[in-house]
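Starting off, we have a lone chain in the form predicted on its own, written out as structure tokens.
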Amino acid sequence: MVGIVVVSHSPRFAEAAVALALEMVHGERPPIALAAGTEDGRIGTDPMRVSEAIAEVGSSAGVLVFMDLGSAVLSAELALDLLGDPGFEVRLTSAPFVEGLLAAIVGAAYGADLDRVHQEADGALLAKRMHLGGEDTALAPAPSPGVPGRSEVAG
């Protein structure tokens, strides 16, 4: 099952987003690891904690990493450098944090592969955009192919 890593500056925010997503899962839950806040309990991110979270949920099915804000992206990228080649595929995604996380957790729980989980996460705002008449409603993001042990920031 695809692993999910949640990188957030706030442990409370990360826990709440995961709890919301898990309300939609009936049955086995995917492996999820939080890398939220700093070791001493402050707001922030820590590349070592991100690297440990990736290793914790990693498997041959791959790992999808969500980040809440810009510096969390930097921490996740550094975490991949620290991790080296983990022997499984790791992808960083620019998917919306709450909606994308919900879509990814549900997709992973129901057995979707990494490509599909990533695609669902990236397209998670499409229904809201279409309903509200937002821009870019015609195109759903395509999944990024990813490279084992390296990140791809989907766009």
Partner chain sequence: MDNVTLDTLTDWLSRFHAAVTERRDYLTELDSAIGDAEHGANMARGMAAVMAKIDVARPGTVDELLKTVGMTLVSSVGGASGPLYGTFFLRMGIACGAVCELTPEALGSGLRAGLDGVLQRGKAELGDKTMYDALFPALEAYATAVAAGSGAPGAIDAAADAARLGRDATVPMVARKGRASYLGERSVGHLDPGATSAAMLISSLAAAMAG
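Note that this is a predicted model, so its numbers are computed, not measured. Residue numbers count along the first chain shown, from 1.
FYI, the form predicted together with its partner chain isn't displayed, but the following is about it.
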item	value
Among 100-108, 28-36, 117-125, 64-72, the region lying within 4.5 Å of its partner chain in the model of the complex by heavy atom distance	64-72
Partner proximity in the model of the complex: residue 58 to its partner chain, non-hydrogen atom cutoff 4.5 Å	no
Contact of residue 48 with its partner chain in the model of the complex (heavy atom, 4.5 Å)	yes
Contact test in the model of the complex: residue 81 vs its partner chain, heavy atoms, 4.5 Å	yes
Close approach of residue 86 to its partner chain in the model of the complex, 4.5 Å, heavy atom	no
